[in-house]
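Presented below, as structure tokens, is a lone chain in the form predicted on its own.
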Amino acid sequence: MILKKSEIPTSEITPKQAYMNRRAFMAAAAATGVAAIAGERVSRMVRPAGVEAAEKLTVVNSPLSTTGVEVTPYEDITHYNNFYEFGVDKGDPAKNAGTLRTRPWSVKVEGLVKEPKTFDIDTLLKLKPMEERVYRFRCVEAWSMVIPWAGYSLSEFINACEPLPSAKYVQFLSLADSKQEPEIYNAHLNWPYSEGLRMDEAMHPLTLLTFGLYGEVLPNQDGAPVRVIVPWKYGFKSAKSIVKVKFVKSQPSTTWNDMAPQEYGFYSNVNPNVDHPRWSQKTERRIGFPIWKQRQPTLMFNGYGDQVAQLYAGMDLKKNY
């Protein structure tokens, strides 16, 4: 049976401008002195009507990118968010995050380091070449996306921070400013938002210091201007709008583990065999798919087990959830 255009779900229609014009991009790159790199990616973004274009990023293909998966549409990625500083409903961040000022922006480095440092956002953007990495993104609320993030391995930033051998964990602290984040005190959490990783997790090549998605700088509601993405963990481990990084000897305090330790463990690796106390983690709902394709089985370590399982060898993953 041949479907008429009106009978095809909009989620399955490839938009006309799904890819930017590569020739125009390369010409612009040459005009700004950026060398044409073999494998250089061009944004595949399809921008909803009325949304102003953001700053473009020059990104290259990454061998760490997940293949064989359908990327979530830009509109879903930017309009279905958890960012409680801008509201607790999924649509609130897109409506409210315009008050966030991402310039000037700096990230302070403290704790067990050779010496404290401060990096401004433009220095971070130029620290290493930017890669596009398509990663699965899994929320503990049992929904998921596939997102083309832009950034470079967090290990590159950590090396620039020069941590001491005694540093066993790294803690990330997000902006907490009620003038810029109008809903921050309506979400009854401990602020600033805090997350942390064991050092070997932070140094793993998959862990991404992230500045953009779909070839452009991060929208405010997605954690601008700099965040972390840890693709084998639930999304709340990926701290947004980072203003401070601390290297510490002991496991740091983290927001959700402090607020509800029975629901949110420190490690928070995606594990379909450990249910959230209020719902199952065995399946997930893929945002942006037609309804009959949304429900999918949850993969151990979000599908990255071959790369990261060795980090947890000998650990009880039901106890260390």
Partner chain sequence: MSKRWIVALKVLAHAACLGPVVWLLWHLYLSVTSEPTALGPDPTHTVTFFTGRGTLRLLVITLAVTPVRRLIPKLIWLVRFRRLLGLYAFFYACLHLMTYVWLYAGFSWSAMVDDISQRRFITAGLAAWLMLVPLALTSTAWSIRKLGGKNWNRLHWLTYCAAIAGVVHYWWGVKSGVRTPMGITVVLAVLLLARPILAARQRSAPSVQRSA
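Numbering follows the first chain given and starts at 1. Just so we're clear, the structure is a prediction, and the values are computed from it rather than from any experiment.
This next part talks about the form predicted together with the partner chain, which is not shown.
Contact annotation: of the candidates 137, 169, 105, 80, the single residue with a non-hydrogen atom within 4.5 angstroms of the partner chain in the predicted bound form is 80.
Exactly one listed residue, out of 119, 191, 152, 143, brings a non-hydrogen atom to within 4.5 Å of the partner chain in the predicted bound form: 143. In plain terms, the part of the chain that comes close to the partner chain in the predicted bound form, with a heavy atom within 4.5 Å, is 72-80 out of 160-168, 214-222, 242-250, 72-80. Taking non-hydrogen atoms only, residue 264 approaches the partner chain to within 4.5 angstroms in the predicted bound form. Contact check for residue 64: every heavy atom lies farther than 4.5 Å from the partner chain in the predicted bound form.
Using a 4.5 angstroms limit between non-hydrogen atoms, residue 258 is distant from the partner chain in the predicted bound form. Residue contact with the partner chain in the predicted bound form: residue 271 places no heavy atom within 4.5 Å of it. For the stretch 289-311, the set of residues having any non-hydrogen atom within 4.5 angstroms of the partner chain in the predicted bound form comprises 289, 290, 291, 292, 294, 295, in sequence order.
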